[in-house]
Structures are given as structure tokens and as C-alpha cells.
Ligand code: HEC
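What follows is one chain in C-alpha cells, specifically the form predicted on its own.
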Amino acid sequence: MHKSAILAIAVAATTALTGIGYAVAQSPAASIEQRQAAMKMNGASMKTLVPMARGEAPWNQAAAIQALENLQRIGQQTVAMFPRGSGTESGTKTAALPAIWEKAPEFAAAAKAQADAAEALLRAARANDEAAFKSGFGAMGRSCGGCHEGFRAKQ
């Protein structure tokens, strides 16, 4: 898939997700569906960013900004995407572990760390500072692991 197609998908998903509003009460299945779509968007954003960070693709400021805005926005909304009752007990397939609700402060801190890491890289991208983007990208990857390691079932 071309980067432009991934970017178009990410923009469309961002528009859809930001219009939904995670604070609205909804069924557990709907919460799970929305957060899975958001996490797929995170994956698409990382597919845009990783090659640039590794020097395998040319620096593209506009694409980096869009991907990082997606990551930051989703990071800020992550906790709201996991209302109580939207785990495996809902009967809907999800990789969300009970630790999300059992260790809510730690989960919130991990989500904030991801949003903060995206924000730091976003500042670099907006300044068109490719070197700062590349040097700071490792922190972004580690911040993603903050949720994936303790709060998400292995796939």
C-alpha cells in the first residue's frame, strides 16, 4: 500500500474517530470496535514513521505531522476508550487485559507517556527537524510498549 493511501486512511479514520467522542456511553462491543480502529490507525501511523526514523524512506514533514497528530490524539483518548465492562467479560473478542482496570493509574500513566512522546516528536516534525525526530523516535516506540507489555494480551 502506498504511503499516500495509508495517510488517506488515517485521515479518514481520524475524522471518524474524533467525531465519535469516547465519553459517550455505548455498548462494550462498540467501545471495543472503536478502540480497535484507533489502534489500527496507530499502526498505520507507525508504518509511516518507522521508515523515516530508520532512514529507509525520505523525510516527509507533512506525513510525519499527520501521523504524529494521530498518535498524540489517540494517546490522549486512550483511557476513555476502555470503559469498565469492555474487557473480555463483555463476550466480545479483545486483547485488553484485566490489568487495564485493576491498575488504572498505571494504565493512565502509560497512555499519557505515549501521548507525551508523540507530542515531543510532533514538535520536532512541525519545526521540520528531521534529526530531532530521528533521535527521539526510540522514546516513541518504548512508550507504545508501555501499554502493549502489561495491558494487552499477546497476539
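These numbers were taken from a predicted model, which means no experiment stands behind them. So that there is no doubt, residue numbering starts at 1 and follows the sequence shown.
One more form of this protein, predicted in complex with the named molecule, exists but is not displayed; see below.
Asks: Hey, in the predicted complex, is Leu121 touching the named molecule, heavy atoms inside 4.5 Å?
Replies: No - in the predicted complex, heavy atoms of Leu121 and the named molecule never come within 4.5 Å of each other.
Asks: Although the partner isn't part of this model, could you tell me whether Pro51 comes within 4.5 Å of the named molecule in the predicted complex, counting any heavy atom of the residue?
Replies: Although the named molecule is absent here, Pro51 would stay clear of it in the predicted complex, with no heavy atoms inside 4.5 Å.
Asks: Taking heavy atoms only, is Ala63 within 4.5 angstroms of the named molecule in the predicted complex?
Replies: Ala63: no contact with the named molecule in the predicted complex.
Asks: At the 4.5 Å heavy atom threshold, is Lys40 in contact with the named molecule in the predicted complex?
Replies: Yes, Lys40 sits close enough to the named molecule in the predicted complex that at least one of its heavy atoms falls within 4.5 Å.
Asks: Using a 4.5 Å cut on heavy atoms, which of Ala57, Ala99, Ala30, Ala95 is close to the named molecule in the predicted complex?
Replies: When the named molecule is considered in the predicted complex, the option within 4.5 Å is Ala95.
Asks: Give, in sequence order, every residue of 102-127 that has a heavy atom within 4.5 Å of the named molecule in the predicted complex, or say none if there are no such residues.
Replies: Heavy-atom contacts to the named molecule in the predicted complex: Phe107, Ala110, Ala111, Gln114.
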